[in-house]
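Only one chain comes next, encoded as structure tokens, the form predicted on its own.
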């Protein structure tokens, strides 16, 4: 069962559950599951090179957040040292580390969401009851990559013709400002062409369908039931208060009761479930390739 075969509503439900727990529960163990699961899943679907490139941006951001928090927040009962008369507390340092991990986990899961929930899937999911909003959103997501590709093509043409000089920063800025009217004109022309094409295809006429109708299949129902069970058990543990953790004024003990253990196991399985599916697909493909006879 690959991610392409699952219904978009199943994936949207999954991401909402994972992100809800990652953003609203400050339990270190849950945050660790969210961060590790998001990073592994992003590496599995984007590739190792893209993961390392993304890590080069997100890791300095996390370090900046972790360092900044104890410099501005001096709450806590365990001072480590003093800087300019202000205490740097252990609670503020650990809170900054957890905050950085939470930001990274949300970033990675949102990137996975953008890669899995393509424009076609958004149209399938929202096209039935919000057709205009779904179409506008999907067209916007599709427009920005095209705009960036066109800008790169214009820059290449400008360098070839000598319009974009590499002498100084202001020369490059001046050259790109000259390309801006052409880029705006290109985007307006594409918008007019899209409008004319939609009108010619009968968009908005009575009886026209708005999206591809895709029904839930058996595997979709099974996967949805699994993620609802795991997410429900995690939220139930949080509602009962057995996932509570706080830093101020002193760091609390990590909950380790039976209900807490149920929440940890459920959320851990929820975060690593798509990674397991990706590895399963890769392993099956690897076995199939080994069976191909060499000519």
Partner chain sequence: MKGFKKDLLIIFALVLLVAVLILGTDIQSVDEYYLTHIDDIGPDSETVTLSIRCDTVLANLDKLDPALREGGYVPEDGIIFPETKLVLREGDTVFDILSRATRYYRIQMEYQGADETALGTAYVEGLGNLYQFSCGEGSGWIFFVNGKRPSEGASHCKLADGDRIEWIYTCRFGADLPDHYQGVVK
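Quick caveat: nothing in here was measured; it's all calculated off a predicted structure. Residue numbers count along the first chain shown, from 1.
Below, we refer to the form predicted in complex with the partner chain, which is not included among the displayed structures.
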Contact assignment for the partner chain in the predicted complex, among 229, 236, 67, 261, heavy atom within 4.5 Å: 67
Residue 53: touches the partner chain in the predicted complex, heavy atom cutoff 4.5 angstroms: yes
Interface membership of residue 114, the partner chain in the predicted complex, 4.5 Å heavy atom rule: no
The partner chain contact in the predicted complex: residue 85, any heavy atom under 4.5 Å: yes
Exercise: residue 76 in contact with the partner chain in the predicted complex, heavy atom 4.5 Å: yes
